[in-house]
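First comes one chain, alone, set out as structure tokens in the form predicted on its own.
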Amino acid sequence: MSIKLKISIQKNTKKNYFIYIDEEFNDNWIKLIQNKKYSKHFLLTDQNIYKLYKDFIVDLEHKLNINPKIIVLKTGEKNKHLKNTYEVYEALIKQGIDRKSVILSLGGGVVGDFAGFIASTILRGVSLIQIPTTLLAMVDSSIGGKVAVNLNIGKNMVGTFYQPDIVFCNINFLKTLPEKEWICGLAEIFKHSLLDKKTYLSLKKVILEESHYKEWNTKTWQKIIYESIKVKANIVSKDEKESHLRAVLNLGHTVAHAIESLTNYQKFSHGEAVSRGLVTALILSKKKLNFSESLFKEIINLMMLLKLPLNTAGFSEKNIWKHIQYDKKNQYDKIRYIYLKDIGKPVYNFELSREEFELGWKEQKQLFG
């Protein structure tokens, strides 16, 4: 059964678009694309996805009765770099892209971010359709309109806010994911649950009943993905450009981005970094906002059942703090940090001092290594 969720951006862009969650792409989404009457179709994907889903691309061409021009990107976070945009811009222009064209992004978060940034900037903006192939991309990067590329000094330092026309989440794509990618998406799903009590209780029930995610059936996955997307969609619809409320979606990300930057985006997936960052946020929330110790233990137990990493990955507080200072959320040389007062009660207007962070990081190291 297909699940459809509508995102309505209330301010700024004032754009509505639909997210579809299904086992396959049916006539509804095909007609939706055809009714848009795009002048030309361009498909951006990466080398791994292109090899893995050649049959899907052929099926896409057949069902839509199109012959999209395909641009295949190099695989990996390190290739989501500003320096790599020039070659893609030139290729699109040489192939005749115009302002009524659409870019279809087929891939995980790296492809979605890169393709979205290209779509938002070429010819001052062309239409974008996101077709995420990973769990993380389905519940996070394809939703909400944040698109960006990296610089050597930090992740997502150059970007825009640009909403897609449509998002299609095909559950069947998840069957090909390696273990690392499952963990990556589950960390972001867990983060979303901490921002909404109803979602947390629903996810907790599933984990306790059937702790191993690979035993969850399609119906369960559709429900979990829907509920996770809904948390983010509700926040984004109220604050598209992160002027206030949307900042809570960065829960755990301050430390996560520091870990990724320290390892040049090579060693850990985004989710593995976020999971560690969530633990840091919970520890700091205990110290600063008296977050419940019993609830902390409950959350840690659920994360352990999901096999989410909790440790400090061997990094010193000094090195993590150095990279925290590069975080793009910082303002006036102050570290903006997201704390939790309770499940569903994030606090996003507090600062984080070096002393507070170092005490929290040391505790995390003592507890989990």
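From 1 onward, residues are counted along the sequence shown. Keep in mind the model is a prediction, meaning the values are calculated, not measured.
Another form, the form predicted together with a small molecule, is not on view; read the next lines as being about it.
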{"property": "One residue of Ser237, Gln222, Thr85, Thr75 in contact with the small molecule, assessed in the predicted bound form (non-hydrogen atom, 4.5 angstroms)", "result": "Thr75"}
{"property": "Residue (of Leu52, Leu305, Leu32, Ala313) lying close to the small molecule in the predicted bound form, criterion heavy atoms within 4.5 Å", "result": "Leu52"}
{"property": "Segment that reaches the small molecule in the predicted bound form - one of 199-207, 85-93, 132-140, 280-288, heavy atoms within 4.5 Å", "result": "132-140"}
{"property": "In the predicted bound form, Phe117 touching the small molecule (heavy atom, 4.5 Å)", "result": "no"}
{"property": "Proximity of Glu181 to the small molecule in the predicted bound form, heavy atoms at 4.5 Å", "result": "yes"}
{"property": "Residue contact check: Gly252 to the small molecule in the predicted bound form, 4.5 Å heavy atom", "result": "no"}
{"property": "Contact test in the predicted bound form: Thr176 vs the small molecule, heavy atoms, 4.5 Å", "result": "yes"}
